[in-house]
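First, one chain by itself in structure tokens, the form predicted on its own.
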Amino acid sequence: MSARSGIVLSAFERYRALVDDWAAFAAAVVRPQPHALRANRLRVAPEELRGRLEARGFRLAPYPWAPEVMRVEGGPCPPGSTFEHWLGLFYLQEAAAAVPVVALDPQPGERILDLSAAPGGKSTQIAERVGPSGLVVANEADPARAGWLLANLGRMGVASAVVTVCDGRRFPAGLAFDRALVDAPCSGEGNVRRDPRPRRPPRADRLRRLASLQEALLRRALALVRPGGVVVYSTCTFAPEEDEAVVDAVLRAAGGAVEAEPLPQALPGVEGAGGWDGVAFLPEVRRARRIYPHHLDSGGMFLARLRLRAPVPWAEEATPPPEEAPDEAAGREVRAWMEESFGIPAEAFEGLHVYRSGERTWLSTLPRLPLWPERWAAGLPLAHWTGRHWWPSGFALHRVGRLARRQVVDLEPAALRALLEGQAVPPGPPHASGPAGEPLRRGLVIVRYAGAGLGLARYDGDLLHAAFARERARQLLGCLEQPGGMPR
């Protein structure tokens, strides 16, 4: 055993009595963690994605409890360096992290709150399940992390989400949610396989601070769901102080208004702890689930599913938030501009509503949206006004760029690489644009590859100059440089 392995295992020694197979646990926590991905069913069927990647040399194995989640058993390059990942056809998500949303079991058309949503893996997973008629409120307290959350929602093409920036302990009441997820900030012990730094046992004062925050978040979520609604509490740590003890404290405070429900037997893991450090928990706390690294060859996860039977004692009276209607005038203006500029037909926006905030417009699948002061974003970024014309977002072009009929070029890998490297490149023949095969005009052009809209370039009458967002261009260039990273 290496020195690091010994330090890692010593940090977890206090959990030995809770772990079902200590030898398997000890072997798993010191091994590198394999990749896993979740197909984005808003954009692609899991079977189609699997076929595309396997055709380029990847080996994928779906998990039986969620076939859209697949273990990556091998491949020509890291899965995060593929064109499909760049386009948002899948999300890199360790298998254990996908379990809480499966346990939450969102249904089509429901209103779901993700109270601690960044970086967005679980919010995008929820959006897939509620579909275009459901509402996902993805909340994040940290504005910097909220930007990361918004980028992932955009990359995955989610148009049913509202992003709020708010301390989850004080999220505004008034909108009765059907379900809520509290994937709470925690000590993160279950992430040991992704973090090579040696670990020490968590300090008691830090555990107390975290448990106080976690309990407050869980109490708030229970005050925000309707009677009969469901809250799933999850962490990626092994510490009972942050797991069963938090659930136990909230159940006791609820005085029978909340019940811990059994989780589906098909889900991985073992039952929750019955007590810790000389303190016995309520018997129903055992209905929680502990997922250790050896169960899925993944990270660690704790989860409990709670059902609201009656209003919790700490719930307050509140009025529903005001609702915002789509900006019909802005919608007509942007859609007309995109049809005139790129030949994108009106039917590309069927079932989508345009909302405007300042100089920015957003696409949403919902005809009304709650309007909280804490709201940051309202759907999928569509376009912003530059002062002279609209500028479509790359995420919107992923959705509608394939339908462009003018001012569009389809590039081969070599030309695309040169463009992303900052070189000016000739456009080649335009993809059949206008009714008379009209030539490219000076100005903005949609760049496509393999039929997918990538972003914008400027055409000067002779050459194309890239106008991609810098970070997105860097990421796509990385895909081109990887063997197996791009479809040919």
Ligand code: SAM
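In this text the structure is predicted, and so the values were computed from the model without any measurement. Throughout, we count residues from 1 along the sequence that is shown.
What comes next is about the form predicted in complex with the ligand, which is not displayed.
At the 4.5 Å threshold, heavy atoms of D183 reach the ligand in the model of the complex.
Using a 4.5 Å cutoff between non-hydrogen atoms, R145 counts as a contact of the ligand in the model of the complex. Using a 4.5 angstroms threshold between heavy atoms, L363 stays clear of the ligand in the model of the complex. Using a 4.5 Å cutoff between non-hydrogen atoms, A253 does not count as a contact of the ligand in the model of the complex. Judged by heavy atoms within 4.5 Å of the ligand in the model of the complex, the contact stretch among the candidates 291-299, 75-83, 339-347, 136-144 is 136-144. Contact with the ligand in the model of the complex, defined as a heavy atom within 4.5 Å, holds for exactly one of C166, A415, L282, A151, namely C166. Only one of V408, L397, V312, L217 comes within 4.5 Å of the ligand in the model of the complex through a heavy atom, and that residue is L217.
Interface residues of 360-393, taken as those with a heavy atom within 4.5 Å of the ligand in the model of the complex (partner not displayed), are absent.
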